[in-house]
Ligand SMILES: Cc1cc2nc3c(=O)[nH]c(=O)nc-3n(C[C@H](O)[C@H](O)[C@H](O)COP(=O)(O)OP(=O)(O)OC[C@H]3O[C@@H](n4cnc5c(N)ncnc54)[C@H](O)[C@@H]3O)c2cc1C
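One chain follows as structure tokens, the form predicted alone.
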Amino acid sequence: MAGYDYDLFVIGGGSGGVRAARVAAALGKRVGIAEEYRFGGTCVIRGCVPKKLYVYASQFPEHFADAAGYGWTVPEASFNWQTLVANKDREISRLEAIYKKNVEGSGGETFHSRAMIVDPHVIHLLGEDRTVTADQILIATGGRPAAHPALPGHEHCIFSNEAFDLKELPKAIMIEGGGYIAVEFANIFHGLGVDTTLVYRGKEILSRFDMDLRRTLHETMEKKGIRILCHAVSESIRKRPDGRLDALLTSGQTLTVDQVMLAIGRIPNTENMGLEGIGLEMTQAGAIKVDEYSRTNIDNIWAIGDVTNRVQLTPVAIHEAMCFVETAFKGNPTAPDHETIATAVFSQPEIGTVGLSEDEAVKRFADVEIYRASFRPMRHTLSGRDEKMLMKLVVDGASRKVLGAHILGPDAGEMAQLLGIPLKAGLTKDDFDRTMAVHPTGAEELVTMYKPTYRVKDGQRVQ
């Protein structure tokens, strides 16, 4: 190692790359990390963090309306988009500085530069026009929104990156896509007073989530006033003389809006990095192929996070970073565990989920018990809001192991994090039943559903 400039050089300053750099540097390794844009990556700069801040902003109209039922008189409210954007910018700049400081405080060296791999031990820093050498290289360059160059008029569309920094809030927006990014932004824009239409090619939004959650959220969003058009995609986007956009759909409809946002998936950032030149193996979609320990086909080059297209979640990238450090520098080969990952969709109401959906469980197990409760949350009783909460447990009828837990309603994401622990531990429905309820809470339903709502045996539903 002494013959190289660095023991580890990380390309990409997002959550996974920064964690690997910081932890390795704290072990006394000579570490360099290059980020061409801003430290913090997608999550901090143009993803989870600003999105959650915008979710909070978009919830206030409902909070103001609900206050009346509790005796509050709230004056007519007004919203300033520019204030929200400016306050968001200030917060992510603070977080960006912390990410960079954490690496440097641990002894690592940071570079604001694009990095290319010249050969398996040589990195060229374009911003500084110099090369450095490293014993181990970690690629953590993440991903970006998938473009749609085949769509006529695609140049008039925006993506999630641009949605955070629009000069002004549109009066009407069309969002194409049915994944969590599309769904979350549909709720955000609607909550901020924008006439919002969600267009999705599939039969129901949020594929791969439990169908009960998908249907209930769809219905709730439409009750709020969000238009959802399934079985449709854009055929063309045309700019009108007044600057607005006409979106022609395959259904024959034409939507006239101020903005069209495409949220049709994400692709890995692997272009123009020299990867093909060194023989690094990639998938057809451009993701870096890795083994169970995040090692590529080149022995000293590794990859973690969205650039590998395994599980595209920030905590997963951080977990993979920690496993990488254990494997590469501690002599403790550790494979990332991608099973039973809790996740949330910050829709309104939000979704929290962990483990198998009902459909997945039925394919794997001969006898599945479903415990399901739908009710109005206590917070809505005085406000009069007609919005239901849904709790669902999916259980293996033979072993009684809880296979999946799914929640739609207030604080669902927080509950999913805690439910991830018993499901990861493999606890049974009997363990849930023995647990005392906390009353009055919505979460108590999780430990008071004693009898299955129905069973699915050999693919057939029975009571």
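Start at 1 with the first residue shown and count on from there. These numbers come from a predicted model, not from an experiment.
One more form of this protein, predicted together with the ligand, exists but is not displayed; see below.
Colleague: Does any heavy atom of residue 333 come within 4.5 Å of a heavy atom of the ligand in the predicted bound form?
Modeller: Residue 333: no, not in contact with the ligand in the predicted bound form.
Colleague: Might residue 269 be said to contact the ligand in the predicted bound form, defining contact as any heavy atom within 4.5 Å?
Modeller: Because a heavy atom of residue 269 falls inside 4.5 Å of the ligand in the predicted bound form, the answer is yes.
Colleague: Using a 4.5 Å heavy atom cut-off, state whether residue 312 contacts the ligand in the predicted bound form.
Modeller: It does: once the ligand is placed as it appears in the predicted bound form, residue 312 has a heavy atom within 4.5 Å of it.
Colleague: Do residue 29 and the ligand come within 4.5 Å of each other in the predicted bound form, heavy atoms counted?
Modeller: Residue 29: no, not in contact with the ligand in the predicted bound form.
Colleague: Of these, 217-225, 178-186, 372-380, 102-110, which stretch puts a heavy atom within 4.5 angstroms of the ligand in the predicted bound form?
Modeller: Single hit among the candidates: 178-186.
Colleague: Quick one: of 437, 418, 67, 48, which gets a non-hydrogen atom within 4.5 angstroms of the ligand in the predicted bound form?
Modeller: The residue in contact is 48.
Colleague: Looking at 143, 170, 191, 153 here, can you tell me which has any non-hydrogen atom within 4.5 angstroms of the ligand in the predicted bound form?
Modeller: Residue within 4.5 Å of the partner: 143.
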